[in-house]
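Next up: just one chain, as C-alpha cells, the form predicted on its own.
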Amino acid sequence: MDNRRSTEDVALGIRRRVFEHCMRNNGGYLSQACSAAEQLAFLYNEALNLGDPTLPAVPKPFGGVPSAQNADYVTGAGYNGPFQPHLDRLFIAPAHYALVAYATLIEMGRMAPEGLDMFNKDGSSVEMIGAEHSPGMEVHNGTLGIGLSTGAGLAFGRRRRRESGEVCVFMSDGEVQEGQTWEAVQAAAHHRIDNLWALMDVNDQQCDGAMDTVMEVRDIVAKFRAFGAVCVEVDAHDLDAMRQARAEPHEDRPLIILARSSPTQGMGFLRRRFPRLHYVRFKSADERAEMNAAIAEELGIPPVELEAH
C-alpha cells in the first residue's frame, strides 16, 4: 500500500477518480467526493491504524448471504485489514458514499482500479449502495442512522476484551435526523466508551435537497455535547484542523468531529445544480460535455474521453 503519498494528494486522487467514473457512466455521486475526499483520505492515510488487506485486489463476485451452506462468506471489511486486537475498525455509515469509499481504497492501494469497472453491475459485490459484502464495508448501515450504534457496541466489546484498537465511524449529517444516533451517543457517554470516535461529513445536503428544507436540526454541536460527547467542529477541507480535532482529549466520552464541508469543493461547476446535488445526472449531451471540460480543468486533468451515445 502507498503510505508515502500526502493526504492532500490522496484527496485529489479520490475526486479525480470519482469524476472520471461519473463522466463515463452518465452521472453519479459527485458531491460526496467534493465534500468527503479529505475526510476519507485523512482516515485511511493518517488517522487509522489498519493492517494490510486480506481480500483480493480485484473484488470477487457477490458470494451470497451467510448461512450454514455458505461457510466461506466474508464481509468487505477485509479491504481495511484483519480483525486484530491492536488494529482499528472502521464503519462507513452512509452507504451512498460507496463510490467515494471505493475510490479511496484504490488510491490507497487496497483495491485494484478494475474494481470500479464492476460498480453497480449484476452479480457484483461492488454495490452502488454499499452492503456488508462490498469493499471496505463490514455491515450494511444505509442511511438509517444505525452506524454509530454499531460502532459503539463494538467499541464497548473491545474495551471489555482489553483490546487496544479503537473504533471509528464515518457518518453523514443526515443521520442526526434519526433518533437512534442520539441514543447511541447517550449510551456511549453513559458507559464511558472512549475508544469510539466519529467523523461526520456535514455538507447540509441530502437526497431531497438542503437539510433544513427536510427537517431542521438546529445546533448539533450543542446537542452532541448535551448528550455527553466531546464534540469539535472543523473545516472539512482543512487537514491540520482535522488533525487537531482528532487529538482532542475525550477520556470516558466518545469524540464526535463535525467536519463542515462544501458539496462543490473542487468542482465549482456543480454550484449551478444547487441544492439538488445528491446524485448528479446530466440533463443533456451538451451539459455533459460542458461539465466534463469545466471540472476536468478544475481538477487539473484532461477531459474524459466519452463514447458517443
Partner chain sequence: MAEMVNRPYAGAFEAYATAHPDVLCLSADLTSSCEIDGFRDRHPDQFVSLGMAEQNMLSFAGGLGLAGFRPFLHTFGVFLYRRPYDQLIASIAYPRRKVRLMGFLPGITTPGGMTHQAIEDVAVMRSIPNMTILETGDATEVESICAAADSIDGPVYCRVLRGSVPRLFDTPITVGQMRELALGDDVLIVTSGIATEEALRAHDALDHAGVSVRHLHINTIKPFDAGPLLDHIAAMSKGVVVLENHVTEGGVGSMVAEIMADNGVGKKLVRLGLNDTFAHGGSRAYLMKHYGLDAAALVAGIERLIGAKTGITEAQLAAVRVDAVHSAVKAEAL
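Residue numbers count along the first chain shown, from 1. Quantities reported herein were computed from a predicted structural model and do not represent experimental measurements.
Missing here is the form predicted in complex with the partner chain; even so, the following discussion is about that form.
Trainee: Answer yes if any heavy atom of Ser149 is within 4.5 Å of a heavy atom of the partner chain in the predicted complex; otherwise answer no.
Mentor: Answer yes; at least one heavy atom of Ser149 falls within 4.5 Å of the partner chain in the predicted complex.
Trainee: So in the predicted complex, does any heavy atom of His191 sit within 4.5 Å of the partner chain?
Mentor: Heavy-atom contact with the partner chain at 4.5 Å: present for His191.
Trainee: Taking the partner chain as it sits in the predicted complex, is Gly157 near enough to touch it, meaning that at least one heavy atom pair lies within 4.5 angstroms?
Mentor: Yes, Gly157 lies within 4.5 Å of the partner chain in the predicted complex.
Trainee: How about Gln84: is it within 4.5 Å of the partner chain in the predicted complex, going by heavy atoms?
Mentor: Gln84: no contact with the partner chain in the predicted complex.
Trainee: Check, residue by residue, if Tyr97, Met128 and Glu175 all come within 4.5 Å of the partner chain in the predicted complex, counting heavy atoms only.
Mentor: Judged in the predicted complex, none of Tyr97, Met128 and Glu175 sits within 4.5 Å of the partner chain.
Trainee: Counting any non-hydrogen atom inside 4.5 Å, which residue from Glu233, Asp238, Asp208, Glu183 sits next to the partner chain in the predicted complex?
Mentor: Among Glu233, Asp238, Asp208, Glu183, a heavy atom within 4.5 Å of the partner chain in the predicted complex occurs only for Glu183.
Trainee: Hey, of 117-125, 100-108, 222-230, 160-168, which bit sits against the partner chain in the predicted complex at 4.5 Å between non-hydrogen atoms?
Mentor: Answer to the contact question: 160-168.
Trainee: Only counting heavy atoms and a 4.5 Å limit, does any residue of 75-100 reach the partner chain in the predicted complex, and if so which ones?
Mentor: Arg89, Phe91 sit within 4.5 Å of the partner.
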